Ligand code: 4NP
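Below you will find one chain, with nothing else, as structure tokens; this is the form predicted alone, and questions on how it binds or moves follow later.
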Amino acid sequence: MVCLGNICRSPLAEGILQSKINSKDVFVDSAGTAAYHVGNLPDERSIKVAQKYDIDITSQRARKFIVEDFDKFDFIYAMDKRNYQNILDLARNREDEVKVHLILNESEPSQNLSVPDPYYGGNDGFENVYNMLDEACSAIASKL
């Protein structure tokens, strides 16, 4: 799960998907394409909306997406088109490229929609993002 700073959308996506799968069979992680918040907790608004749905994301810490993530993960889900392109710019080959997907294509196939960044918005934006990601993560979990 990858967004820009790894404090709003991708930590939510990580927590939501983890709540829907068996963690013994599937490893879920998140990262940001920028290093603005490395080592920080998720945004308190992400933490609060996750807690509302009995998901605890307080053990997560922001990290930067690195080239080696292509080796570690089978699927890489970008939250928006900008981060999708940022990830592809790091791809070394076609094998890396085919791992990268826009997350909302899981719930809205071929629409190429972006999860809006709720950072500068109010609490409603985080609720809206949670609902979008919950639907996409349900689709991902059903495939796993």
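Numbering starts at 1 and runs along the sequence shown. Note that the structure is a prediction, hence the values are computed from the model and not measured.
What follows is about the form predicted in complex with 4-nitrophenyl phosphate (4NP), which we do not show.
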- [ ] Please run the contact check for Asp117 against 4-nitrophenyl phosphate (4NP) in the predicted bound form: heavy atoms, 4.5 angstroms, yes or no?
- [x] yes
- Message: Under a 4.5 Å heavy atom criterion, is Phe27 part of the interface with 4-nitrophenyl phosphate (4NP) in the predicted bound form?
- Response: no
State yes or no: in the predicted bound form, is some non-hydrogen atom of His101 no more than 4.5 angstroms from a non-hydrogen atom of 4-nitrophenyl phosphate (4NP)? no
I'd like to know if Met1 sits close to 4-nitrophenyl phosphate (4NP) in the predicted bound form, meaning any non-hydrogen atom pair within 4.5 angstroms.
no
With a 4.5 Å heavy atom cut-off to 4-nitrophenyl phosphate (4NP) in the predicted bound form, the contacting stretch among 103 to 111, 30 to 38, 84 to 92, 63 to 71 is 30 to 38
Contacts from 1 to 19 to 4-nitrophenyl phosphate (4NP) in the predicted bound form (any heavy atom within 4.5 Å), listed N to C, are Cys3, Leu4, Gly5, Asn6, Ile7, Cys8, Arg9
